[in-house]
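The chain below stands alone and is given in structure tokens; this is the form predicted on its own.
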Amino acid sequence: MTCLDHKHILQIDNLSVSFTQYERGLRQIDLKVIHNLNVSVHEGELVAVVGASGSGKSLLAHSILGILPPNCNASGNIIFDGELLDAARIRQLRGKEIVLVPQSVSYLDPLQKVGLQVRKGRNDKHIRRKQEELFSLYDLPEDTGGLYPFELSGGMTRRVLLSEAMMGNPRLIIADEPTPGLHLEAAQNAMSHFRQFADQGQGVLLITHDIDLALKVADRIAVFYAGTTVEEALVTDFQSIDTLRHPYTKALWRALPQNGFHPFPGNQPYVKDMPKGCPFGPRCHQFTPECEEDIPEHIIRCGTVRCIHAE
């Protein structure tokens, strides 16, 4: 993104992720679920990653944190504060300078009280006070810290996970679908705190299916489709369909309730049935034979896009 002069906190360049699987006995195959994916977060910025289920959003978060399963192979560059990361360095940063608000509510240790987990085992007065303030901020009852995870509702668990992320002094928060199960006020409260965190000069990568919510808090939107980034746009570009670049992004815009709630025919391709070239090609009214070639990413009006017909 050449129109932003803030320092990068996070740069993902040409990330590809594949799973090694076996089918029909001992026949080994590699399923590439993410390919040539680019996304970045600058200082003071909240970037929302949006896209359909199965587009690679959560897998991106797991790649950054180095928590991919053993049968997974990743390539590409992950750069954090100007440093090219390897597996050892990612382990050092994880949970300290880079923290995750996970999608699953099963991340908490079932055998430990949640207050102690949020404090990471620390019991000094300052840490306990901060934990209590965060629990109060997210409308958790006073006795929540003394409960075990099985005693929490799903919404309470999500608020505990939000509190855990806010306890330390991270440089980057990766929030993977942090609001399901929260009522509207609690979800908006969580988003406002992510916004405040970014405004202090840090960074937030928000992974969400809720485009409306993302548009209220984000600086930029990264649109995923079938395992790659098809567009990165300033949030102000979503004020009009004419300032968006990729046909899929425009289809998402038309599907928003305030823009007519127009459904778009077809489905995202399964990883085993990916078309040649542009993954959106079979659903695109602008499709031409050239779209079956490799589609490079290029910059248009302070945004990036993978489409040879974008203007």
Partner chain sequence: MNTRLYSKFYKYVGQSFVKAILLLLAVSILSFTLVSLSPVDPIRSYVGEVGMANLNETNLAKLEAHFGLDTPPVERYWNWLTDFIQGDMGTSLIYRQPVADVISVKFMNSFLLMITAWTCSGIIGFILGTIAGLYRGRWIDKLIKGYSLLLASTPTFWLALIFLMVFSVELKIFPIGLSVPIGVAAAEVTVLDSLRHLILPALTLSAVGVANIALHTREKMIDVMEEDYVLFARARGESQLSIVKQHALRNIALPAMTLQFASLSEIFGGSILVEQVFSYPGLGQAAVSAGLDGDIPLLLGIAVISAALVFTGNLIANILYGVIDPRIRRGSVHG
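Note that the structure is a prediction, hence the values are computed from the model and not measured. Numbering follows the first chain given and starts at 1.
Omitted from view is the form predicted together with the partner chain, to which the following refers.
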*State yes only if every one of I67, Q117 and K120 has a non-hydrogen atom within 4.5 Å of the partner chain in the predicted complex; otherwise state no.*
yes
_So the partner chain isn't shown here. In the predicted complex, which residue out of D199, D139, E151, D81 has a non-hydrogen atom within 4.5 Å of it?_
E151
*asked:* Please identify, from 199-207, 218-226, 127-135, 142-150, the stretch that has a heavy atom within 4.5 Å of the partner chain in the predicted complex.
replied: 142-150
_Quick check on E164: any heavy atom within 4.5 Å of the partner chain in the predicted complex?_
yes
*With heavy atoms only and a cut-off of 4.5 Å, decide whether S106 touches the partner chain in the predicted complex.*
yes
*Is there any non-hydrogen atom of P180 lying within 4.5 Å of the partner chain in the predicted complex?*
no
*Evaluate L100 for contact with the partner chain in the predicted complex, applying a 4.5 angstroms cut-off between non-hydrogen atoms, and reply yes or no.*
yes
